Every structure is written in structure tokens, then in C-alpha cells.
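Presented as C-alpha cells, the chain that follows is alone, the form predicted alone.
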Amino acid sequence: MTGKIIGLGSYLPEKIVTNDDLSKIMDTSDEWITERTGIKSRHIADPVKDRPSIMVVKAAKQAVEAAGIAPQDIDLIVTASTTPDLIFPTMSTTIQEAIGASENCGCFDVNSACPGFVAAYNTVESFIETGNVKLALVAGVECNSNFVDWTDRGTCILFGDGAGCAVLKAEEGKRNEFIMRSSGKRGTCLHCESARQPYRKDEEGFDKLTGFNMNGREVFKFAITEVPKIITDLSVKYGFDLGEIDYFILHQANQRIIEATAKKLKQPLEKFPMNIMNTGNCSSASIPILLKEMNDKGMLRRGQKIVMASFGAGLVWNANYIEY
């Protein structure tokens, strides 16, 4: 048995911030951002209407409706997020209550930065493939705008907000095949401090709140090296041909990284769907949002061979191979 996706849902905030909008508040331009990232605009959450717990519930309800299931039948909910509005209870229990899942439904969250959805997906698949779960919901949600420094053009131009969910049902089929890797010793090149740190003071001596800190050059070099390698290693480990893959669904961090990965794998760019130009980097929500968009366009069909791969802070990078 394996988990098959039977329903997808997503939510993007109404507010859209374009590159031209950003050029009015900092030294940047649409041309500068587009050339380096491929991003043209991003959705930014309303602090009241679009809290992460609200966004992910909307995506979850959509996924459950698309799956045509009774919420009471869901056995497990796992949510990936690095920017929740609640430390606890978990986003997963928030979803459980909102959609009407029963108290027999297990819930927990994972924090693996941008690769969080793939990590959560692999976790859910493991529960299904060991026979412990028959129906599950896996989610990713981020409100990156709460943590970026809106005066730092090196980071704030990259990120957007949103949520995505998938319902997985135990069915006969090829098992989920994956590789997960991490490198804590390289983690300092991309990190985020979530609270006021007493050892960091501003000019007036007050505790300083710090957000995303990134060495863009190092992260780029890491991604264009490790992502093609982990996908190649995945194909070797599980014995499939990259030429047979219908889609490589990569984390939407930077269009140039995706293009470099396609080139290194010697695969046509058409196999690498992208929506980063309109969403920015939605971290752990980026892959499920893209999956929902692809499904709405009629791009996904049963039996397609798909590789999902993501990378981010930690440093962490994951890849898996599924048959849709």
C-alpha cells in the first residue's frame, strides 16, 4: 500500500505586492529582481484575515472537499510550517477542529524550513505504508512576511505567503521512495531568530528582533549543487530513469536554481513547472500550492511519474519519487 493524492487545496492572500511596489520603498527595480530570481510579484498576508492558522484551514477545507471524503475518516494530519501564529497548539490540531476531524485523528507539526512539506509528506507516507493510517492530510503554510526585513532587498524580495494541502489515501501502488539529507555545519548561511535575543542590541541598547539572515551566494551554490545530485542519487538508488519522469516539482525559491537544475540533469525545462513569478518563495507551502495549480490546469493524471525536491535552512534538502 501507498498513499495516493486524492485531493488538493491551496490559499493565497488577496494582497499582491509587485516588484514595482517594492521599488518605491527600497533601492531595487522590477528588472533587477526578475533577472536574479524570476519573481514578478508575491502574495502578502493581511495580519488579521490571513494568519497562518486561518490560511491553512482554508486550504485544508478545499482539499477535503476536492477529495470527497468525510473529515471524520481522517486518521492523521501533519503540517509543515516555520512561521506559525501559534507556538502551540499545533497547526494540525487547529485544522482538525476546523474541518471536523474526529478525536481519533493524530496530529503533529514538523519544522524543516522550506523542505518541510516534502518531510511531512514522507512522514505521512511512512504511516500509510506501515498500515497505521488509511487516510491523511498533509499541509504546508507560511507567513514569511512577518519575519522579513522590509528594508533588506536581499531577502524581502524573495518571499511570499500562502498555504497548501493534500489528502492522501491508502491504495495499491508504488511506494513512496525518498532521500533526506542535512548539513547543520552549513546552517548559518540561512537562519532566522524568532525571538528577541538578549545578546543582540540595537543602537539604543534595546533587545533587537532579528528575522531572516541569508548569504544568498552560498545558498545559491548549495542549491544548484545538491539538488541535482540528490535527484540523481534518488534515481540510482531506486532504479528509475530521469527521462521517464513527467514532472520535477521543485521548491519555488529561485527560477535560476530551477533552470540550473534542469540543465545539470539534462532534462527539458518544460518538465519543471514554475509559479514563482507570481508567488515568490512560499517556503514549505510552495510545492503544495504548485501542485494545486497544476491540477487546476489539468496537468496531473493518474500514473504520472513525479519527483518532488526541496531545499532550505538547516541546511536541509529532500527528494522523493512518486507515481501520482
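Computed from a prediction, not measured in an experiment: that's the story for all the values here. All residue numbers refer to positions in the sequence shown, first residue = 1.
One more form of this protein, predicted in complex with acetyl coenzyme *A (ACO), exists but is not displayed; see below.
*Asks:* Can you pick the stretch from 295-303, 62-70, 256-264, 44-52 whose heavy atoms fall within 4.5 Å of acetyl coenzyme *A (ACO) in the predicted complex?
*Replies:* Going through the listed ranges, the match is 256-264.
*Asks:* Using heavy atoms only and a 4.5 Å cut-off, determine which of G100, G131, G187, G154 is in contact with acetyl coenzyme *A (ACO) in the predicted complex.
*Replies:* Only one listed residue qualifies here, and that residue is G154.
*Asks:* Could you tell me which one of K58, K271, R36, K40 places a heavy atom within 4.5 Å of acetyl coenzyme *A (ACO) in the predicted complex?
*Replies:* Contact with acetyl coenzyme *A (ACO) in the predicted complex is made by R36 alone.
*Asks:* State yes or no: in the predicted complex, is some non-hydrogen atom of N281 no more than 4.5 angstroms from a non-hydrogen atom of acetyl coenzyme *A (ACO)?
*Replies:* It does: once acetyl coenzyme *A (ACO) is placed as it appears in the predicted complex, N281 has a heavy atom within 4.5 Å of it.
*Asks:* May I ask you to check whether F159 falls inside a 4.5 Å heavy atom distance of acetyl coenzyme *A (ACO) in the predicted complex?
*Replies:* Output for F159 is yes: heavy atoms within 4.5 Å of acetyl coenzyme *A (ACO).
*Asks:* Looking at the partner-bound form in the predicted complex, is A120 within 4.5 Å of acetyl coenzyme *A (ACO) by any heavy atom?
*Replies:* The answer is no: A120 has no heavy atom within 4.5 Å of acetyl coenzyme *A (ACO).
*Asks:* Mark T28 yes when one of its heavy atoms lies within 4.5 Å of a heavy atom of acetyl coenzyme *A (ACO) in the predicted complex, and no otherwise.
*Replies:* Residue-level check for T28: yes, a contact with acetyl coenzyme *A (ACO).
*Asks:* Can you tell me which residues in 275-313 come within 4.5 angstroms of acetyl coenzyme *A (ACO) in the predicted complex, by heavy atoms?
*Replies:* N281, F311, G312, A313 sit within 4.5 Å of the partner.
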